Structure formats: C-alpha cells, structure tokens
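In structure tokens, one chain follows: the form predicted alone.
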C-alpha cells in the first residue's frame, strides 16, 4: 500500500479524462507546508501555458473530475497548486498495512538484481587508520540497503595484499634481521619456520619505516619493487613470508571490521586475481588495445576533446580542467603488476565466478580517475559485459574541527582502533550519567552508532567534520537519539498492562508519526538511486522526533480507555520496528536500554 502512488493514480486518471497533456510527467511530492496539506503537485503550473489556460483553471478542472474518496481530500490553491490531505482513515489503514507487512512497507525493487559490493580495502601489513573508516561504514550500509529492497548482494573486502607495501615490509624485515631463518640455504620447508618474533606491533613499525625510506633511498625503492615482483611470481622464500604476514594481518583486520558491524562474504585480495592477470593482459594485446610506453604496457582510454574537471572549492568558482584522461598502465617496466592490472583481473574473475549485474566500489574520491580508467578498460576489452553496471561511490574526507584531515595532536595519522576506543570511552561516560556502569558492549553499540550516523547523515561525496560531542549527543540528529527513542519505547511496552492491537489514528501527533513513516519508507528508494544514505538518516530522525512529541503530549501508559490504549501501544510498536529497520540498514545496532 503506497498512499503517494494512490494519489498519483487518481490525478493521472483525472488528467487523462480531461484530455490534458503530459500526464506522464505529473509528480506528487510531500508538502513543504504540512500545516496546509500532506502532498501537493505543481503539474498545472507546468502545462497551463502550452494549453492556453490559466494554471488555476487547469488545477480546478482536474480536482472537479476526481471521484470523492474517504482517503484523500483534494483542493486548489492559487496560482495553481493542487493540495492533497490524507484522512485519518487512510493513515490508519496504511499504518496497519506497514505493521503487518514483512518488509514494513518498504517498497521492493521492481527488477531484482545481483549486486556485488567491493569495500573495506584494508592493506595487509599496514595498520588500519582513520582513513579506513568511511569505506566500510558506507559500503556496509549500501549493501544492506540493496538487500532490504530485494536485491541479491555479495560483499568482498578486496584486501590490498599484492602491492608495493608487501615488498617494502618484507625488505625492511629482512634488513632488520627478522627473516634470517627464511634465507638459510638449508631450509627446505618454509611453512615450518615460526613467526613468533614478527608481531602486529612490529609490522606497524616496519612498514612506516620502509615507506619513508623509499622516498629518499632510490636503491631501497628499487629493491622493494623487486621483492614485490618476487612475491607476485610466488618466488621463495618471499612468497612464504608474504603468506605468513598476510595471515597475521587478516586476523586483526577481521576483528577491527567486526567492531564496526561490518561483514564480508568474501575475504579475497589482489592476490586472488593473480591467476587471471596473464589472461587479462593477453585480452588487451590480442585486441590491439595495449601499446608499449617507456617499457610499460598502457591502454589509451581518453576520448576526443575530453578533459578531467577539477573539483570546485565553491559554487562561484569557474570550472577548471586537468590534462586529458591519462592512459591506464597495465604492466610496469619491470613486468610487475599495478592496481589497474589487479582490478581488471578481479573484474574478470568476478564475472567468471559470479556474473553480477552491477559491481559497486566504495573508495575515497582521490581514486575517481583510477576507477574511470579501469571501467573504460573493462568495457573496451569486453571484460565487463555491455549490460553490466560498474559504479564507483566516491566519498569525501573525515576532517577534524579545524576542517583539515583528522590527525593526532602531534600531527600523525589516527589509528582506527584509537577512534573506536575514543567512541566507546565517550559513550561510557554518557551512560554513567544515566546510571549505567560497566556495560562495554552497550557503550560500543552507542559509540559506533554515533559515528556511523554522523558519517551517513552527510551526502556521501562531501567532506565532513568528526565532532565527538555533537555525534554523541542524546538529543538532536544523532545515532544515540534514535537508539534512545527505541530504548524509551522498550520501556513503555515492558510497563504496559495491555497488548498492542490495530492502529487507529485519532490526533495530530499520530498523524505526524504515520506521515513520518511514509516519508521514511520513501527515503529508501531515494538512497538506492543516489548511493547515499543521508535521506534515510534524516527521515529516521524525523520519525524519532515525531514520536518524542507524541510521548510528551499523549499519556500512553495512563490512558483509561483500553481500546484506545491498545491502539497507542500499537503506534509505539510500529515506530520501534520502523526505527530498528532503519538502523539495521545503516549498520547500527539497536539497544534495549540507555
């Protein structure tokens, strides 16, 4: 049951009966003046001039021709708007439909698809930091959104496990004497060599040391490139060392993602696409799509007259452009593979093994050119079928209050775990104020929920400010506020001496709640189309806010009329279920108490 769609049907029928043009372009929107009406359309304003009529005349004829309904009231307002008011009866029926529906009234996609999500992107042997937060937050929510709306979904973490960071790490460990046992000429079975001296803490020291060194020591960088190539070629003992480091890192990565309520169906990496790399490159060579350039193999992907737009710092700034789209390098001068190579081979692998209708990548916006190159290469070579959709969701930066990328006080990169612990500590202090002490898991749910809601409330492509105090507030547009509303409803339902029945809308507060649910359910499709969860976040807050007003103005537990009380409890339960579904979609845990 979709009230908005029912209104649209009635209006379209009347427009056709009146022999007016453009019924297919008629749009019904939620009213921006809820004090006057619930929905409206400006159709008459758009078509009147072409028909040689005044907008108000067009609107009046349409309304006159609509059959009277016990669900909707249509009226005309100058200069030609059609206002629609939904009756209490219609809202009651809609509320009870949502209450009984297994999807809580969330419309399912008309054509269900198989969507493959690539997010997370942690690098083996490198510690997760604040820059690794947005990808799993956004990716998890988008994956859940598609599943909630009926798509089949699959998620892959796509580990960075075959790139230069591996060669750098192994080389630094070797030079610091941690790998002497592996380079003993008498060793026959590298799998039996213990790694007790190599820990995560050590890796967190060794890689940054090697990364800084490569920028000033050309010979070291050259040797690291060679070590990377050896790993990619499965040469021993480099490949065995690599696998042991990978196992150590992945165990930690899994635990870190678990703290964020982020789950993956596949824990594959660049290395898993390695068996497809030779075939991928051969496809480009055989189709005469690749050419040699300074010893490397490249693919031209620029189009005639094309330039890359430089993002504007403000709306008033004139549009400027970079150089034309550069060619994609698919083979290095020394025969090594690059990110483009493994990404192309990964697309080939995924299509061979899964054949998804769409592949969605979630990374920061600095990789936009890279993915545009990869997507164009895939289509040129036929690695991605013509009908397959390739999507890059590019997100902005998480900044500190100074508007700059989030850093430690010393100017260093903030560790992923430190951010999570900061959130948990802040939530624990908030809970202590409410008399709840020692519940670490509850604090994690609230803290992580605060950050995720704060992130997802923004349009995905924009930068945003990480403001702990704002995110953690139990009031306002925050995750804790939504969780607190659910906890409050749990308390009401646990204290009630009656069971919820059917919803019977009888007052303004209940009207606002049901209309908020209608907007919430509509927001799922908006987010689905835009690959951004901000509309769902806002609609979820609006529903929680509407319930807060209801709670303050209506005495639910002290209501004497049993039938009326059961209806009010049904409203409570309906709000709780809709809020919990929204939080689940956002990847945020609900809570029983706060």
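Residue numbers count along the first chain shown, from 1. These numbers come from a predicted model, not from an experiment.
The same protein also exists as the form predicted in complex with a small molecule; that form is not shown, yet it is the one meant from here on.
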Okay, which stretch from 171 to 179, 246 to 254, 366 to 374, 453 to 461 lines the small molecule in the model of the complex, with non-hydrogen atoms inside 4.5 Å? 366 to 374
If the cut-off is 4.5 angstroms on heavy atoms, which of these, 500, 208, 121, 327, is the one near the small molecule in the model of the complex? 121
Checking 361, 227, 524, 74 against the small molecule in the model of the complex, the residue with a non-hydrogen atom inside 4.5 angstroms turns out to be 361
Please check if residue 237 has a heavy atom lying within 4.5 Å of any heavy atom of the small molecule in the model of the complex. no
Report yes if any heavy atom of residue 343 sits within 4.5 Å of a heavy atom of the small molecule in the model of the complex; otherwise report no. yes
At the 4.5 Å heavy atom threshold, is residue 158 in contact with the small molecule in the model of the complex? yes
Touches the small molecule in the model of the complex: residue 339 (any heavy atom, 4.5 Å): yes
